[in-house]
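In structure tokens, one chain follows: the form predicted on its own.
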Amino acid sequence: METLSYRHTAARRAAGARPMAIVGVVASGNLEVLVERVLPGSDCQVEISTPVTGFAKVWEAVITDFVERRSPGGLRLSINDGGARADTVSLRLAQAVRLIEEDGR
């Protein structure tokens, strides 16, 4: 099991007021993302637990692209990976941010 951690500064704070959201499922070729609104301002933290080792540079590229596209300021994202491809990671991250940005009612 490999654990990776990335910290970024987003362009802006994520919209919405929902305190947390979860998307996906830990399964072969998929992943689960827990997103929590717990960080100040434009700080963003991504923690990854994956059984697939040796892909830190790929993870870093996907996370950097995600932060630039979605600007998830104020959010901590915890990823439990089941061997997902980069496109699936991007999809799940976008779904998580979209869900936390909803009004939560």
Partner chain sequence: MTIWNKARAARDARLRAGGRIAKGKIVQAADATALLEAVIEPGDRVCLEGDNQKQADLLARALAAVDVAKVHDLHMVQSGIVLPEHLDLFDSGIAKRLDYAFSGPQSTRIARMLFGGKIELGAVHTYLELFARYFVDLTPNVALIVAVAADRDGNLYTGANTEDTPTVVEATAFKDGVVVAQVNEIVDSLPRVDIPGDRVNFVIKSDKPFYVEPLFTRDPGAITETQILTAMLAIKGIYAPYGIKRLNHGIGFNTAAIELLLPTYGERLGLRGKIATRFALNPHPTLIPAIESGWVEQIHSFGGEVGMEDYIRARSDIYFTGIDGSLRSNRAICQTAGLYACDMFIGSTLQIDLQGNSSTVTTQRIAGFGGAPNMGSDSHGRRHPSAPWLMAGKEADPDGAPALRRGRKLVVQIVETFGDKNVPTFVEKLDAIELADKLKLELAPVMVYADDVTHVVTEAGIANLLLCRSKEEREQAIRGVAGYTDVGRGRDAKMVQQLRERGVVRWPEDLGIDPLDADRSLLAARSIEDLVRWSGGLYAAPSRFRNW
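Numbering follows the first chain given and starts at 1. The model shown is predicted, which means the values in this text are computed figures rather than measured ones.
The protein also exists as the form predicted together with its partner chain; that form is not presented, and the subsequent description refers to it.
> Is there a heavy atom of H8 lying 4.5 Å or less from a heavy atom of its partner chain in the predicted complex?
The answer is no: H8 has no heavy atom within 4.5 Å of its partner chain.
> Is there a non-hydrogen atom of A61 within 4.5 angstroms of a non-hydrogen atom of its partner chain in the predicted complex?
So A61 counts as contacting its partner chain.
> G83: heavy atom within 4.5 Å of its partner chain in the predicted complex?
Although its partner chain is absent here, G83 would touch it in the predicted complex, with heavy atoms inside 4.5 Å.
> Quick check on R13: any heavy atom within 4.5 Å of its partner chain in the predicted complex?
No.
> Name the residue from E47, D65, D43, E36 that puts a heavy atom within 4.5 Å of its partner chain in the predicted complex.
After the contact test, the surviving option is D65.
> For the stretch 69-83, which residues lie within 4.5 Å of its partner chain in the predicted complex by non-hydrogen atom distance?
Heavy-atom contacts within 4.5 Å come from R69, R70, G83.
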